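Two versions of one and the same chain are coming, encoded as structure tokens; call them structure 1 and structure 2.
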Structure 1
Amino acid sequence: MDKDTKSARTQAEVPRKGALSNYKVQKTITTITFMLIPLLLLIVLTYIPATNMLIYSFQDRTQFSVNDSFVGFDNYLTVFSQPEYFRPLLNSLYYLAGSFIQLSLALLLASIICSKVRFANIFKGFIFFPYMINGVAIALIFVRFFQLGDGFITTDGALNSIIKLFGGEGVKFLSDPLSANISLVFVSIWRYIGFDFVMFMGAIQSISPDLYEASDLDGANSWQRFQYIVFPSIRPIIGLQMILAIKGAISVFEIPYIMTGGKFGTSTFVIQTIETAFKYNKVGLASAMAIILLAIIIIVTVIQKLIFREEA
């Protein structure tokens, strides 16, 4: 009787193992099938163009070139030896300074809103709303905002109208290199602070209330609570936002291109790269500039990761 029972159990387990094996095979096939198309698109639209760009950076070629010549590192030497190609990267320092102001303001606003102020939802909407507006629309709005009218065809923008209302003289905010870059950074901060604000607010709200209660029992003030509870808890988010902010500062394009066209000393490295490729028809040189920008972003990201890595 025991042998018959054991034999029956063995026969019952065989189909179960077979069914389990078939399930694993079907799961694997389904996973590969769903991943195949996105992976194919990623290879075709990202990896292959990136590889071609790397190859082009070592060539002397134009946009529709058929007789390409290998020039080695000459394109890279040209970028670093001729200031007109590398100087626009220095304008990123304006945006880099602005990104730290942006992060600080976003963290401050998030801390205030999370402290149970009245009409918090209204303030959240006002702060986040600029991030939802199209970048082209924002640029056109602020071109009009900073405009200095000639009194005949164009009128003064809102800012110059206010200045003249108080007896001041109109200012060409977008014509002088210093004021133009500061104005563009202001527009960038106004647009992107909402994204940082939402990220910080979500991170702060995820902190356990027990930690706040314990700090209240210990008599901690607001600064000590931020220093020892909030900042350590949201440190990974701060590191992530800093990486994104610095990356954006280095690769800024949309706002300065629309508002000034890169004129008056406001050109950025991305604008210069696009003009080199499509305006001056130097695709090989532009590819080298793009590779340099990619390398800078990778280096900055690695440094940020090392600085903000979590302690074991």
Structure 2
Amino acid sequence: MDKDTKSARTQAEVPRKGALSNYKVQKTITTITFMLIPLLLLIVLTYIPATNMLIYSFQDRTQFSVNDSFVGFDNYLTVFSQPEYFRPLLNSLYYLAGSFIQLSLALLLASIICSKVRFANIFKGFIFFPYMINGVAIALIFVRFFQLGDGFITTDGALNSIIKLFGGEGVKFLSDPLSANISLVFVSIWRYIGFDFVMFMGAIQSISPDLYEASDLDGANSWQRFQYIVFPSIRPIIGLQMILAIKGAISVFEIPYIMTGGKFGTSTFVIQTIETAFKYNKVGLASAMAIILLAIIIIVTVIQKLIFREEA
């Protein structure tokens, strides 16, 4: 009996040992089969285009290129010397300012919702829902919202109707650079604030209730509680959202592209890049613009890493 179990055990151990040494081979096979397609896609859809972009940015090149002569830094010089290319970059400042308003409002709304209000879930749902709406739908909703009737074919949209109701004069919101950019930033806030809001709520709710209780016992008021408990706990999230806001502000595309087509001084750097490549067929120049955008993003990211490292 005893002998039997012993031999059974050794029998079981023999294939096990063989299998273990086999696992090295298996690891290689698994790595190859699991990673082949993802790596191929990564190289083909990210690294080859990125390399091409760098090369093209030094070439005079069109979409179906026949003539791709080397032109040195000419494309970069063009971007920085001609206002039509670099001015859109300045429009990012509108969106950057808008992002900070958006973050502050989101934080305010999140702290209110987290402070035991009635119907919190309903309020939360309303504030968040725009984030789920299709971007084209949002753009069209607001083209109409800001519209000023011409008395023949079109009538006033909601905003001008309200203004006139209170005796004001109609405004052509989307055809003057200043008001158009501000309107577009408003739409952008309307669309994305729900996302920041939910992020902040997640962060606030993950604060330990013990801290609240302790502050209750110490008789802290709402503001003190925010200042000494909530704010320090969600500082990393605020930092992250700010970096995302900066990156978002220099990469704005969809809302102005659909709402104004980049007209009336509302173009952005990405719209300009895409138009240069696909409308004006200047791939070399567009590549240089994309590389410049990438450079800015890398700089922002490096700064972010440095700040986060300091905090850690």
Partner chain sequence: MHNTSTAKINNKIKRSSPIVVFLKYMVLVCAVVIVVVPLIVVFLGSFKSHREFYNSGVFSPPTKLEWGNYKTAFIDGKVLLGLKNTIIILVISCFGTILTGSMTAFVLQRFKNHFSSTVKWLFLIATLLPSISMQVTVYQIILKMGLVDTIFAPIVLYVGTDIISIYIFMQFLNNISISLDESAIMDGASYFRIYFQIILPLLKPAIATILIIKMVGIYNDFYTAQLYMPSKHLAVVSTALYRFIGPYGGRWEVIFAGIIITIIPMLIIFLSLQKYIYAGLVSGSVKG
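Residue numbering: structure 1 sequence, from 1. What we label the rigid core is the largest C-alpha set whose atoms superpose within 1.5 Å from one form to the other. Note that the structure is a prediction, hence the values are computed from the model and not measured.
- Annotation: structure 2 represents the form predicted in complex with its partner chain, while structure 1 represents the other form.
- Once the rigid core is used as the reference frame, the Cα position of residue 140 differs between structures 1 and 2 by less than 2 Å.
- After superposing the rigid core, the C-alpha of residue 217 moves by 2 Å or more between structures 1 and 2.
- Annotation for residue 258: C-alpha shift under 2 angstroms between structures 1 and 2, rigid core superposed.
- With both forms fitted on their core, the C-alpha atom of residue 32 sits 5.1 Å from where it sits in the other form; this compares the forms between structures 1 and 2.
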